[in-house]
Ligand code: ASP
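Take a look at this single chain, the form predicted alone, given in structure tokens.
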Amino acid sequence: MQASGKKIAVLATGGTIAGRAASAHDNVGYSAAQMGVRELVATLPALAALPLVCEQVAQIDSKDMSFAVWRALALRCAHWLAQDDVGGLVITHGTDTLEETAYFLQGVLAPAKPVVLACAMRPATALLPDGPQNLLDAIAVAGTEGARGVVAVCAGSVHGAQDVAKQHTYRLDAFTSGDAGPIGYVEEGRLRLLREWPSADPAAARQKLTELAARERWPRVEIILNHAGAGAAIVQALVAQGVDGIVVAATGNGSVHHDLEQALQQARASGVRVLRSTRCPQGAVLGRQDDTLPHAGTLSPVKARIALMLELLDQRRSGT
């Protein structure tokens, strides 16, 4: 395995990689987040000689990911990234919200060191679990000289936080980077890099993390879906509840049903931020001259939500 010679911090949050089932033949009827990080690491003899430090940050099924866990995870990442003898981080995480956590951490850390999310599609008790190899590959990436930014490793592919998305419900190769393609591949413990790492700007990102850590309430941004017959009721209800922002998962190239679009325009007029993404799994929303609502470009609805949350936070900090 490649190694920078520095320590690698392994931060665990639970997920399928730490899951158990009653039968080795059951790959779907399991309970996530059952094994601790030290138990996971101890099952891999190849890691015994590596300088690892392990920490259990959370123990959840990632479908239950929360702002509180994000805050705790980001702060622990910041702590370990600040240690001179730590070369990179690995985060064990469930697959359901992995892409959201990756994008969030890139936004509030933008680290000059690698932060690598490792996951699994089968529980640790499976006849042929995929978690051990994914964890080994993630540690190899975290120990690669020159690596930086938040990435995810699954089935040998390395995906950047900006592009990674879960594309399949149960296959081992469940993630894609869409049009952008993966950053690289891990082959027998070594990284083959295909394109640039995510950008690093830890000083600027630190301001966002400091602000988030201090806030009891984060900006509330909700996602709604455009579809045949989409109407105004959900938007009106959200506005009445005091929502800060709305992301619409639009059809095609950001198209929105006229009734829903009218409601979104009224929400904007009342001070609610609105952003269009697309429910299409690949491609970007391309702007047109007659657009009445801003769009999120290449960001998926869940990532557009996080981007809007962080933007609203910046506005609150600056007083605009």
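Sequential numbering from 1, following the sequence displayed. Keep in mind the model is a prediction, meaning the values are calculated, not measured.
The following text describes the form predicted together with the ligand, which does not appear among the structures shown.
Participant: Out of 256 to 264, 62 to 70, 279 to 287, 42 to 50, where are the residues with a heavy atom within 4.5 Å of the ligand in the model of the complex?
Facilitator: Result of the contact check: 62 to 70.
Participant: Whether Gly15, Tyr30 and Met121 jointly form a contact site for the ligand in the model of the complex is the question; each needs a heavy atom within 4.5 Å.
Facilitator: Yes, all three are in contact.
Participant: Do Asp173 and the ligand share at least one heavy atom pair within 4.5 Å in the model of the complex?
Facilitator: It does not: once the ligand is placed as it appears in the model of the complex, Asp173 has no heavy atom within 4.5 Å of it.
Participant: Evaluate Asn134 for contact with the ligand in the model of the complex, applying a 4.5 angstroms cut-off between non-hydrogen atoms, and reply yes or no.
Facilitator: Judged by the heavy-atom cut-off of 4.5 Å, Asn134 is well away from the ligand in the model of the complex.
Participant: So in the model of the complex, is the ligand close enough to Asp96 to count as touching (4.5 Å, heavy atoms)?
Facilitator: Answer yes; at least one heavy atom of Asp96 falls within 4.5 Å of the ligand in the model of the complex.
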